[in-house]
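Have a look below at one chain only, the form predicted alone, in structure tokens format.
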Amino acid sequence: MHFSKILLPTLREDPSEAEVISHRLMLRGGMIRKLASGIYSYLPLGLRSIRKVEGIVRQEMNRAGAQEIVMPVVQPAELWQQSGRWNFYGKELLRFKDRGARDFCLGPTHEEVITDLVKREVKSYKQLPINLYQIQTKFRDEIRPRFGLMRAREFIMKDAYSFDVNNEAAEKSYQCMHEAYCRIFERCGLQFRAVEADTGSIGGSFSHEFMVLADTGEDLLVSCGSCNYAANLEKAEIRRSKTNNPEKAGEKALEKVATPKMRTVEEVCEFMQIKPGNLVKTLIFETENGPMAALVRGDCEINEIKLKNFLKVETLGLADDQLIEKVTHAPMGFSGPINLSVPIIADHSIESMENFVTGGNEQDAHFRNTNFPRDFQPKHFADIRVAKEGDGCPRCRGELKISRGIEVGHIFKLGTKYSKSLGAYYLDEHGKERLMVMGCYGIGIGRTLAAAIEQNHDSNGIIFSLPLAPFQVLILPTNIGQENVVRVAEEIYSGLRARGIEVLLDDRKESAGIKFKDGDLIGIPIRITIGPKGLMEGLVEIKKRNETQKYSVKVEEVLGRVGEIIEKELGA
């Protein structure tokens, strides 16, 4: 492809709308353009790289035995109502009515559609296992779309769905997809971790997120430096500390202290001259089963996902001022566990505490020297707080560390959540009806490309790996006005194309400086520079984008040298 013929509108300055590196460089590099909030057009350069990601995903899914299909973007409400997600999914589900006043939605995911399809077509155990996938546009009406392709409303996704005869077979399908995902992200040249994750609105019993490690990532992941344990922050477990004897020898008498207008942890700790770790916060939550209280140390935060999962409730949210006052008989900021009539769930970190400060369930009052079980008795102790750097690993004696990452893939063990609600049965070898056991597996195509840029760039622009690059080679003639420079450039261009190498020839009548800047910006892995001075000696220059070193090569040896570089890096 000639630069003068491709739609490649590079920008000199950073767009004001771009918040992260990948968004900025994809806009500046002429890869994407914004149509509306969270909705982008893919220009030729961007689409070529998107297709590279899709190609790797498709190859590995096919290798793993999955079969490609395409399902409709528009989905009828009836399926979502059957699964119970029509109201549960929330405002991210873009709903609308057709001309017949029937309810539909734009698909953010396809569990309902695929389950309905398979239940109609698969009847016997002889047809299982089966794994079906698609690469297709999805839409989620994000409340705050941002970061370009990282958190867009409309995006390209690979989603796959497996159906098995039982849990044991489903586990094999899950592991098969886990291995396929590892190969996909390895081939994309990414540094990543597979981490345990919450199943969220998709549901199911277990899941893993695949996180690309990047300092600019919006997600936090927790990992152990001593073993392979890793989880996202929502899911991360904490090793339970060994507690002292409940008959605490140093208990002091309970004392009520006036704390006028002091509601926050910081205010109370300063007034009472204690550290946050010596205070216990009491948070009142509302659930479908009624209000409850959760206790956590003052220097920690409640993990609402863990709490919700422990309680096994569908809805959980912080209580409003009115409910707090009804439950505690005090305004917000003075809640405590003593004499509460609602169930209390306490974090494990409180088990070893004694003589701590709590709210007094009375306006402008707190208790000093609170202890349990003397003063209150939690219904349960559980791991319900957010993990912190240095917490104990739940799998070994090591410590947890926190790092940042970008979620690019997510795999789920769904079990029978959808097959049961949508009636996906098969007949076993004895002719008995049984529910199919499902799994689902997603990869954000655009997010994977954006994550690769976040992980591979410098101050000059993108540094593409060969597998994801829109073109493998950039030919850069420094002086397009000299006939011999143009002739050699075209000869090398034709020779590389004949070998099946993807080449971009910068034939623009621009200065060499502009061409070099654009070349670095768009990140083509191999650059061949052709100038009149070098040609006087029959030489051209080869430089790899990820290296500073340049090599002078004879014109007649260029094709072979470039072929060797590509062959070595692609492992061909």
Ligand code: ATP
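When you see a residue number, it is the position in the sequence shown, counting from 1. From a predicted model like this one, the values you see are computed outputs, not experimental measurements.
Omitted from view is the form predicted in complex with ligand ATP, to which the following refers.
This chain is displayed alone, yet in the predicted complex one of 410, 385, 281, 417 has a heavy atom within 4.5 Å of ligand ATP; that residue is 410. Taking a 4.5 Å heavy atom cutoff to ligand ATP in the predicted complex, the contact residue among 490, 142, 196, 304 is 142. Not displayed here, ligand ATP is approached by residue 157 to within 4.5 Å at the level of heavy atoms in the predicted complex. In the predicted complex, no heavy atom of residue 470 sits within 4.5 Å of ligand ATP. The closest heavy atom approach of residue 150 to ligand ATP in the predicted complex falls within 4.5 Å. With a 4.5 Å cutoff on heavy atoms, residue 444 counts as touching ligand ATP in the predicted complex. Of the candidate stretches 169 to 177, 392 to 400, 142 to 150, 75 to 83, only 142 to 150 contains residues with a heavy atom within 4.5 Å of ligand ATP in the predicted complex.
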